[in-house]
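A lone chain, given as structure tokens: the form predicted alone.
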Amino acid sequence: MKVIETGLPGCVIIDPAVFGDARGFFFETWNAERFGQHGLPTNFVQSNVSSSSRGVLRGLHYQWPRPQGKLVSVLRGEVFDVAVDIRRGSPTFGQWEGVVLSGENKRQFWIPEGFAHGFAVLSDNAVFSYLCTDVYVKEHDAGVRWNDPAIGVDWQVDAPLLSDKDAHAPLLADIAEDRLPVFAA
């Protein structure tokens, strides 16, 4: 497994070792010992899978005060996946990082607690997998507007299909301080 640093400290891209032949392929999606050796999480408590069609944009989501770290990947199809640093006091506050994840490239993206997350579907359909460090808590569910001009994510899709919740999420500057995670050096 190869770990690739991004412009957001803590957010990393993981290229797993893939073994394949004429019959197909095999790779580990998570291994506690190997992840621990790279300072990545070794304990997940919830696993989710979603399916979305071309042009669907989900995000930017986060949970506070019970944050979730997410190890995300695509089982089928292709998405543009995005993490945004929303930790108050962080030197990279409001900055984003994006990566193409696909069933073909088998890449994973680790998004630590304190970051908002979203993705846009680039293929006809995508099956998306999340491993989370905490369970979903509806009362703590929150979001940042997907097209917040102060963040400026280039989603790589025209006229995205959004939920009402995502279309009407607040701008980052309009979120009360107590509803945002705090940077811990």
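Throughout, we count residues from 1 along the sequence that is shown. Source: prediction; values computed, not measured.
A second form of this protein, the form predicted together with a small molecule, is not displayed here; the remarks below concern that form.
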Practice task
Would you check whether the small molecule, in the model of the complex, lies within 4.5 angstroms of a non-hydrogen atom from each of Phe27, Arg76 and Arg107?
Solution key: no
Exercise for the section: Indicate whether the small molecule has at least one heavy atom within 4.5 Å of a heavy atom of Gln46 in the model of the complex. Expected result: yes
Practice task
Would you check, heavy atoms only and a 4.5 Å threshold, whether Lys165 touches the small molecule in the model of the complex?
Solution key: yes
Practice task
Examine Arg145 and determine whether its closest non-hydrogen atom to the small molecule in the model of the complex is within 4.5 angstroms.
Solution key: no
